[in-house]
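First, one chain by itself: the form predicted alone, in structure tokens.
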């Protein structure tokens, strides 16, 4: 009997939420392609998972700023089905909201080269990943593309201002995922959505955030598992609630 093992490709897998998603999918018996910029220098946490799960965990070189690295991996995995593609890699840019609060990214302090890098990672990265791996996802039974966004990308929910580059990048990737959901479900049967992981205690979220990474990852996995055509093109939160654009 041939058992089809579902497969995940995820960017930003070396730490934080990406790493926790890798761990939880491995526990569930998935084959995981964990994309990171420096797989040869993976952290001890990543290496420990590799020792336990062996070939079920494939460490892949992906730098979402380097489109050639994405194209090389897509070519190397040609013909391989990818059930779920998760765009997890992201950045707030230079500085730290966790440490500086709204003083980070305030009006009048814009670092435009940093804006460009934020957009390359948070907006162009997910778009390039989707275009490079659309046929891999289309070959799979589950056919799902998910991009981790942020509640800070919601225009309606913005009541405090600030964080210009990060907010703009997440609003932009939300727009991308909305269009992708419309186009890809028609052309390839692929279900696509934007997903907010919550305010999570990671390096980006800081120690005072609402929830820990396992809680966020568990909720996101549950939502991804039930993602169907009635849910695509909408703006979801890890706990299954829906956010306004």
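Residue numbers count along the first chain shown, from 1. All figures in this text were calculated on a predicted structure; none of them were measured in a lab.
There is another form of the same protein, the form predicted in complex with a small molecule; it is not shown, and what comes next is about it.
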{"property": "Candidate stretches 175-183, 195-203, 45-53, 25-33 - the one whose heavy atoms come within 4.5 Å of the small molecule in the predicted bound form", "result": "195-203"}
{"property": "The unique member of 218, 37, 67, 188 whose heavy atoms fall within 4.5 Å of the small molecule in the predicted bound form", "result": "37"}
{"property": "The small molecule contact in the predicted bound form: residue 15, any heavy atom under 4.5 Å", "result": "yes"}
{"property": "Distance check, residue 105 to the small molecule in the predicted bound form, heavy atom within 4.5 Å", "result": "no"}
{"property": "Contact label in the predicted bound form: residue 93 to the small molecule, heavy atom within 4.5 Å", "result": "no"}
{"property": "Contact of residue 170 with the small molecule in the predicted bound form (heavy atom, 4.5 Å)", "result": "yes"}
